[in-house]
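Read the single chain below, which is given as structure tokens and is the form predicted on its own.
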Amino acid sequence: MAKRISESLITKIEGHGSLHVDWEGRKAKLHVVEGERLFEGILVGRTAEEVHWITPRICGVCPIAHNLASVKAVEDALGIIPNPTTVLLRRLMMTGQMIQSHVLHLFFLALPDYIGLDRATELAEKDPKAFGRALRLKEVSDEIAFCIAGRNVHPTTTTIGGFHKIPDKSSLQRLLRMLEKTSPDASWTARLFTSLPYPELDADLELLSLKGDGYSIYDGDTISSSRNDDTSVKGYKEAIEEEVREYSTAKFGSYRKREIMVGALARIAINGKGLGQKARKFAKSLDLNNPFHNNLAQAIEILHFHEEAIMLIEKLIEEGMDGTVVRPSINPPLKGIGAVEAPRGGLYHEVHLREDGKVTYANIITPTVQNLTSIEKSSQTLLDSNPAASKEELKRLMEMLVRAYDPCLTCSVH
């Protein structure tokens, strides 16, 4: 008798993947079927100046994160410490990146699961005011990217040691007015996602995030675990291991051989004390062992990063801006690591350079690679904890679960 196995592509995620469920053996696997793009090999032989132009093409959803991780890696290799204005502007870029990505995922991919819709365009008909709020948040996040990074996809203004061009005061003031006008939309989003009926699931999660001062997404120097098993960013490659599995074109990552979840839920678990005042009160609603609550955590982050964007702009206007580009140090190490928190979690870029500035080695570990093992574990837990549920209901819940992780499968096969 043939085994009862089902496999179907998961819709409303970034990239192509399928859940493979053996109903007799009660086993679930996540098959990633994207084609590999081999960016690490593409970088070898390129110049240091090309790295942060190439890596954003890994992803059209989070190119700013890849851009800045690469810039930081090359700066580390060249012994460059950028000036305070550069750091503030890059942090501002990251707030725009977070809001951009979270709005797209929450409203266009995840929300239909919770309100009985098939696709987000139906929201425009059912609740045009809500759809308008989502569009305004997307617009202001795009404007942050345009103003600081040069355009909303694939930055053009960043360079090693600083920026080719920094915004003028009037541009920042206009951006500030847009943010102030959309503050109610950010608060409404947090309230909406707090009110949704999330499926119950105790997945016994180990959560992992970069940690530094405050709510660190740009300059965290420690990889911190919710189980108090931390390591430095410099030791990322020894702590985060990647495994090839025969049924997936993406590697599966683990932390010291354990499944971990990265992303918004993990960041709030690790850095929650650094949330803005408005966002902090919503974090009390989170169940840190329920991966479905990653959707709520992303909504809370939209509110937090909206607040932070306002704070950063006010600081830049008040203190003035220094557009100086910092040059390489004498006798630099020529090996560097750059880490940021991308929307979906910790992102690590490493480059080695020759003395002439050509790349000899590149390594990239993306958030989704780290999440794949946790997605499988959580899917298995969901299957095990609902023995009486029908196949149709379990398939629906498991697809919702995968979407809750917000996987970027194209990033995973970089």
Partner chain sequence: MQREAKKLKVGIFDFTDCEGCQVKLVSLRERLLALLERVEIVNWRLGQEKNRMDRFDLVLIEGCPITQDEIDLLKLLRERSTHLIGFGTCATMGGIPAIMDQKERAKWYNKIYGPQYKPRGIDSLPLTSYVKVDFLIHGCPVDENEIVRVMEELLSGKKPAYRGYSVCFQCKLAGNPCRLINGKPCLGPVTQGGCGAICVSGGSPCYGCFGIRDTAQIEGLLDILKGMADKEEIERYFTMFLRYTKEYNEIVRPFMERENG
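Keep in mind the model is a prediction, meaning the values are calculated, not measured. Numbering follows the first chain given and starts at 1.
Keep in mind that the form predicted together with its partner chain is not shown, yet the notes after this line are about it.
Does each of 18, 231 and 284 have at least one heavy atom within 4.5 Å of its partner chain in the predicted bound form?
Contact check failed for every one of 18, 231 and 284.
Identify which of 335, 164, 227, 315 has a heavy atom within 4.5 Å of its partner chain in the predicted bound form; exactly one of them does.
Partner contact (heavy atom, 4.5 Å) among the options: 164.
Heavy atom within 4.5 Å of its partner chain in the predicted bound form: which of 85, 152, 254, 290 fits that? Just give me the one.
None of the other options qualify; the answer is 152.
For the chain shown here without its partner, which stretch in 379-387, 22-30, 58-66, 345-353 has non-hydrogen atoms within 4.5 angstroms of its partner chain in the predicted bound form?
Only one stretch qualifies here: 58-66.
Should residue 182 be counted as a contact of its partner chain in the predicted bound form, where contact means heavy atoms within 4.5 Å?
Result no; residue 182 lies far from its partner chain in the predicted bound form.
Could you confirm whether residue 249 comes within 4.5 Å of its partner chain in the predicted bound form, counting heavy atoms only?
Output for residue 249 is yes: heavy atoms within 4.5 Å of its partner chain.
Tell me, yes or no, whether residue 118 is in contact with its partner chain in the predicted bound form, where a contact means a heavy atom of each within 4.5 Å.
The answer is yes: residue 118 has a heavy atom within 4.5 Å of its partner chain.
Might residue 91 be said to contact its partner chain in the predicted bound form, defining contact as any heavy atom within 4.5 Å?
No, no contact at 4.5 Å.
Can you list, in sequence order, the residues from 394-410 that come within 4.5 Å of its partner chain in the predicted bound form, counting heavy atoms only?
In sequence order, 399, 403, 410 come within 4.5 Å of the partner.
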